[in-house]
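As a starting point, one isolated chain is supplied in structure tokens, in the form predicted on its own.
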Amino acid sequence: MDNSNTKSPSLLGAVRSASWSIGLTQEELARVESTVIERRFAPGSLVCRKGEPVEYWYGVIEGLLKLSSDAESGKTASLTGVPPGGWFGEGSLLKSEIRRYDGVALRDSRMALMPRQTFLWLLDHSISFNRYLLTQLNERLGQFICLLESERLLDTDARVARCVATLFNPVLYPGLSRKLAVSQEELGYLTGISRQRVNRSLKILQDAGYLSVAYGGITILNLDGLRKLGS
């Protein structure tokens, strides 16, 4: 993990292109840029750990993350994946609680970290940032309701479809095209399903015209259909 505080062009670009920064004043944006830092994480390493104090708001510049929670029994609940352009952790920052999940890098990942003090300062000074958070939290709530429905009511193929669809959420992960570099192994980690079973589901979804699978990536052909599959 690289703890360098260097403000790389890609870090500043990730900040300036983020949905939450569009309505900031020059003063507000300057404060963010002066305090945000960049860190790199190797595959399998913890970006943030369950039970620790929440010190940062996290944005994915490059890579792919899995948010999950492990029980004492050894069971793991995969909550969601976060592709490039996604920011997470605002709920824990707002509630001033310890983190309730792990963030794990599934591949080499570059992260933007906004300190808690800067996040809270924006809450106090920026109306546009508050409006963004309302939309973000509402979208996140809908995402987890969908996840709960998926886990309890849907078959495996529909669960894989919903998982893929969540990675293409234009509100939570703006700027993504209809093609995402994600492997079947990574989808297995996100869904809690074996890679072999994910492979089978993707073939079924491809034959049905929902997506196209190529080496190292997926192209979405019918995003609305993926979201509604099994409903």
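Heads up, when I say rigid core I mean the largest set of C-alphas that superpose within 1.5 Å between the two forms. Residue indices: 1-based, along the sequence shown. Quantities reported herein were computed from a predicted structural model and do not represent experimental measurements.
Separately, the form predicted together with the DNA exists; it is not shown, and the next lines address it.
Asks: In the model of the complex, does residue 22 come within 4.5 Å of the DNA, counting heavy atoms only?
Replies: Looking in the model of the complex, residue contacts with the DNA do not include residue 22, since no heavy atom lies within 4.5 Å.
Asks: Going by a heavy atom distance of 4.5 Å, is residue 185 a contact of the DNA in the model of the complex?
Replies: Looking in the model of the complex, residue contacts with the DNA include residue 185, since a heavy atom lies within 4.5 Å.
Asks: Does the DNA come within 4.5 Å of any heavy atom of residue 50 in the model of the complex?
Replies: Outside the cut-off, so no.
Asks: Contact between residue 178 and the DNA in the model of the complex at 4.5 Å, heavy atoms?
Replies: Residue 178: no, not in contact with the DNA in the model of the complex.
Asks: Heavy atom within 4.5 Å of the DNA in the model of the complex: which of 193, 205, 67, 60?
Replies: Of the listed residues, the single hit is 193.
Asks: Specify the contacting stretch among 163-171, 196-204, 50-58, 36-44, defined as having any heavy atom within 4.5 Å of the DNA in the model of the complex.
Replies: Every other range fails; the passing one is 196-204.
Asks: So, does residue 211 move by 2 Å or more at the CA between the shown form and the other one, with the core held fixed?
Replies: Yes; that C-alpha moves by at least 2 Å between the shown form and the other one.
Asks: Quick check: residue 182 between the shown form and the other one - does its CA shift reach 2 Å or more after fitting the rigid core?
Replies: It does shift by 2 Å or more.
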